[in-house]
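Form predicted alone, single chain, as structure tokens, below.
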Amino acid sequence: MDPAMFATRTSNVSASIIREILKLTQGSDIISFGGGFPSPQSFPVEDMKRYNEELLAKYGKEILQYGTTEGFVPLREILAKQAEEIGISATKENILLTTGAQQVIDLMAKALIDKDDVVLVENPTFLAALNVFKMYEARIVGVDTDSHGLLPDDLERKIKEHKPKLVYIIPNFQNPTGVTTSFSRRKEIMDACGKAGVPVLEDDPYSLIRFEGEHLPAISSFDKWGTAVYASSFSKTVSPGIRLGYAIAGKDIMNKLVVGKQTTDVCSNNLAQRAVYEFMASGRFAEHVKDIISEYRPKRDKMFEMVERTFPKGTKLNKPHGGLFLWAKLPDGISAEQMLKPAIEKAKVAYIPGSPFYIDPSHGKDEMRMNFSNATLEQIEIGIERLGKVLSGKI
């Protein structure tokens, strides 16, 4: 087909490097720390099977019909109640059920972004979010971060300089770095954006998977201007296959999100919405999250321990207090990007180099993201030891 037939915005986005790397790791002999996958052992298969059978038997015709765009009311009411735990005051009217949390990113971009509008993001940040913003032809500008999250002073400078249409942030166990934004910075970030009238999209799919420490109030809890949107997902706490997430927003933004969703997919999966409601209302969801934490915490600990023991001297690590990822910065002279091929071919181990997560892909070449949730403890021990040998030139 003639390339000129495609919209020019599609040329801004290429296939996800993560998906391309995962294609190379399909062999059964590959230990992959590459994807952001939850553990299949964590999926509540029996619960979902029971709920789905019961729901279809009782409400089958209703469930198999189109649903409302906003989503199943009882689930939205439970989510509004849950939001109180992180300081967000909401009713069902403030909640939109979506096809994964990534759809919230897309709907926000659809509602706010015209060509060349500026979006401010943490640098590095979630690769899929970068691709969404590129698809809407945004100009993406990075805000500096450290081990406590996004730097409020740099955010204020860049708001004044660039007059952005949106600030995008992952406050808890950030993808890819695992960093959590500190309590004090959350209010500073919201104040800087709110006073300037800039919408904030708070993407928070990992917060419930906390291994230690107290849950922090959401950035959105400090919103006095009606400009914050909170997004989360059941992909990491129930299953990514059900494709269910949600947004919490004020009336003006919510109206735009609802219209945007109506033009995209009308409504999200009715059966998934009902099943997740039953899961939460029964109390099983809270128990299940505790089980996930019990499974993932020792995996985090094992990977951290093995990286410290086997990676080249001078490797810098952040030990996340939750989530799915460990982020490492290699010593000078070792390129995670260049070492990926020998890691896959010689050590049979895969990871994601840091550069795709940066706005400028020339950055992050000495950094790497490793997922600990989707491997067994044995695979983590064997895989990280092999990877350490490759990085140290011993294989």
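This is a predicted model, so every value here is computed, not measured. Numbering starts at 1 and runs along the sequence shown.
This next part talks about the form predicted in complex with another copy of the chain, which is not shown.
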Exercise for the section: Identify, from the list 131, 207, 315, 94, the residue with a heavy atom within 4.5 Å of another copy of the chain in the predicted complex. Expected result: 131
Practice task
Sort through 112-120, 168-176, 303-311, 210-218 and report the only stretch with a non-hydrogen atom within 4.5 Å of another copy of the chain in the predicted complex.
Solution key: 112-120
Problem - Close approach of residue 237 to another copy of the chain in the predicted complex, 4.5 Å, heavy atom - result: no
Exercise for the section: Decide whether residue 334 counts as a contact residue for another copy of the chain in the predicted complex under a heavy atom distance cut-off of 4.5 Å. Expected result: no
Handout entry: residue 14, heavy atom within 4.5 angstroms of another copy of the chain in the predicted complex
Key = yes
Exercise for the section: Check whether residue 364 has any heavy atom within 4.5 Å of a heavy atom of another copy of the chain in the predicted complex, and answer yes or no. Expected result: no
Exercise for the section: Please state whether all three residues 32, 381 and 392 have a non-hydrogen atom within 4.5 angstroms of another copy of the chain in the predicted complex. Expected result: no
Practice task
For the heavy atom contacts within 4.5 Å of another copy of the chain in the predicted complex, list the residues of 363-380 involved, in sequence order.
Solution key: 374
